[in-house]
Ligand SMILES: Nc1ncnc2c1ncn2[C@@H]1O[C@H](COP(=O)(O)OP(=O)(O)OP(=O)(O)O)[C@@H](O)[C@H]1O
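Heads up, the chain below is alone and in the form predicted alone; it's given as structure tokens.
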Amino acid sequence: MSSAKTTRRHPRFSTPWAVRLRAPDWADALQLATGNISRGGLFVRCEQPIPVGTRLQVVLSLPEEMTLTVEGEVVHAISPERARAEGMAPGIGIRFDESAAIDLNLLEGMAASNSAGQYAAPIAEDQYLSWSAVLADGAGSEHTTTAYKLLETPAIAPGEQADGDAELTFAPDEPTPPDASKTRDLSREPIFGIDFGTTFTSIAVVERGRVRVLAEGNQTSLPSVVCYPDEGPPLVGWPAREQIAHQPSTTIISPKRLIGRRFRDPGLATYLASSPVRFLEGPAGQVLLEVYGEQLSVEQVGAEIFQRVASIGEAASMCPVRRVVLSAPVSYTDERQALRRSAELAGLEVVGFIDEPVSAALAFGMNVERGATVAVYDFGGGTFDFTLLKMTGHGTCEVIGEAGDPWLGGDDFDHAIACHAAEQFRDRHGVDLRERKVEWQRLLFAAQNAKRKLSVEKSVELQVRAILLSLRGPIDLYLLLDRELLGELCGKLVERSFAAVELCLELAELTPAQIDHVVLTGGTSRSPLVRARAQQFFGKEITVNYDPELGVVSGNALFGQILRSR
């Protein structure tokens, strides 16, 4: 997941040895990622230990046909003789390269995002995990073995070579099962956090001292899309998203862009004119939609999303969703009241509002030092916001600067990738898919999926089967997409975000070097392209210990817990 241009401590070269691990589902991937492997590496059992200093690859096979490959080095070896004498397993301790930390950190966020929103509990020092593994050498010989999370990394100074006597603590053969005897305490009704996003909406709650993002199946985010079909109730979320191409005039995408805005707002003119949905000006100047001759307010559309996400929260938490905390960009004024009305139409009581950057900082950890300056870089699916916070102590902060671009987001990445694929297809087959609504939507969805996979893999295959029917039969679309090409297609979009960052810093009379902490949030911040540019701009390593896409909803849930305890 790290950029190919990242400076590496070790040069890249062919590594004949490899350890292959497989995570059949995202829950297993989450356990792998949270087992301290990004900091401690792995211990792999083998009867004939590989010499210390040997370079090797660790290949993680993930769900959805993803593969993550990281490199490391053998820093410790336990011979069969020593193992028998000391009552331990023979094998090798592998320390991952420093460049793998970002990849494994992103893996943890992605796994948490796809495993019912349930972040794995921290593993105590007396617990451990083990996984089936395959150890292979360059000659093609391989054997099945086991790999363990390291509980402690050997104390080795940077750049110093470990020797065979370096002490490593590793797990024995059978893991201790987690304690599942605890039951949920429903004696007090919780306050849920809802992030009503431009492209996705999510809900979270604090349970037993930690945030749980609530999910339906393995989906922690609900597309902010509502479709009004010819018959039956409105479709919300994923079913509505599938109707964008088929029922464009009655499918509303990203209602957050419109909520609380005026029909004659100059910033909406292009959007309203290009949308297949029919928009009208209401009696108070607000935006209305016409669906089958009936006029609907944007708040009514938003209420469908609030109602749907609340039902997901109730099913996942087994607790009624009544009281909620909402968040909004710092610049929102009238829009906040419109969001509140929308939630109330869905039967929810809004007990608190929090600025989105403050919420992201809360998820990051508001226990940073008093007087520290925190930059919140929020690159979402539909909008970009940048906010500067001054920490004032006791978990509070002051907004000292903000800027953004309301028409810049991850959707623009999808559009750039899809346009490139469409141009390649047109040059080869003479048909421009951008002129065909259904085919274009299929391509956009494929581009979004490929973009997300590039957060884990260095290259992906963008494929759309039978995207075009011809007299000679169906024609597939195929494009090999790697991070370098993504940089060429989307680099200018990333630079647009940093134009807003530079403006905000200039107005606040600050330089990047004066920023103490940088918080990345929003799903687009998952991209290694964005991460690498942010680290270059601020001149420091940026660690993300949560899924950026779920940072705001996590902070909303934490704020709800604070309100509940008052």
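This one's a predicted model, so the numbers in the text were calculated from it and none came from an experiment. Counting begins at 1, following the sequence as shown.
Absent from the display: the form predicted together with this ligand. The rest refers to it.
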Using heavy atoms and a 4.5 Å cut-off, decide whether 197, 455 and 524 all contact this ligand in the predicted complex.
-> yes
Considering 97, 411, 402, 216, which brings a non-hydrogen atom within 4.5 Å of this ligand in the predicted complex?
-> 411
Have a look at 483, 308, 451, 76 for me and say which one sits with a heavy atom within 4.5 Å of this ligand in the predicted complex.
-> 451
Sort through 311-319, 340-348, 378-386, 430-438 and report the only stretch with a non-hydrogen atom within 4.5 Å of this ligand in the predicted complex.
-> 378-386
Of 255-271, which residues get within 4.5 Å of this ligand in the predicted complex if you count heavy atoms?
-> 256
